[in-house]
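First, one chain by itself: the form predicted alone, in structure tokens.
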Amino acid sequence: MKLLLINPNTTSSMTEAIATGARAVACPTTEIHAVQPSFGPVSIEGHYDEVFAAAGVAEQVRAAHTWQPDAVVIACFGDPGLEAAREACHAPVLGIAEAAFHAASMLSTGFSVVTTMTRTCIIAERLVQRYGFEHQCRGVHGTDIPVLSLEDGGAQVLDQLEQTARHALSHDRSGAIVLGCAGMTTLCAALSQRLGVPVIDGVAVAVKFAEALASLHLFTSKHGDYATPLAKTYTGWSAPLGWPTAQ
């Protein structure tokens, strides 16, 4: 199968790290094509960043239309552009936050989220509410580790994540930890070993869920609000992103 993996920020090294994590869990027959937008923020750490990241996701989904991937994974914990991508795709489209919440709820009666900047906790909390996991998610905890610091933070970053996760497990009485950033994918195994509880990396579970849905020949419904976008003209810098008349 062909899987389109979109890193919604514009940091190439993070795109490569996310792709490496995805390929580590993917089936040998899964071809992963990792991309990032041609514009937008180098990291996504707030509502303003997320608006441009969502547009970047739409750009990459639009660009992949002729390639026709069998599934799409949006590798940012805010799931930016998820609904737009589903509208534009026949294939299943998964966001890593939604996938991680589902996986955690299957492994424990309650889970906690450990994320990067405290200012983004409200974004994660709103996703919890939107996806209907209020009863399973017992807390969202920020570490104030900048997203780009995850790449080269070394042992100090891992120690800080472990400390926050241990506090979350005790304070929230949770049984699992959801990692609240795609950039944490390389730290998942070490944290799981240290904590002795399931640690869920949304990139990994989204890839496996995507493979499962594609293998079952399931697809995004085009009945209702996920119907193909209406053909119309876009202006300015977004002109190439307008939906064509013929599909």
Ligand code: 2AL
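Residues carry their position along the shown sequence, with the first being 1. Bear in mind that the values here come from a model prediction, so they are computed numbers and not experimental data.
A second form of this protein, the form predicted in complex with the ligand, is not displayed here; the remarks below concern that form.
- Residues within 4.5 angstroms of the ligand in the model of the complex, judged by any non-hydrogen atom, belong to 109-117 and to none of the other stretches in 169-177, 129-137, 84-92, 109-117.
- Here the marked residues 14, 44 and 181 all reach the ligand in the model of the complex, each with a heavy atom within 4.5 angstroms.
- This chain appears without its partner; in the model of the complex, the one residue of 161, 100, 72, 147 with a heavy atom within 4.5 Å of the ligand is 147.
- Contacts to the ligand in the model of the complex (heavy atom within 4.5 Å) from stretch 57-81: 75, 76, 77.
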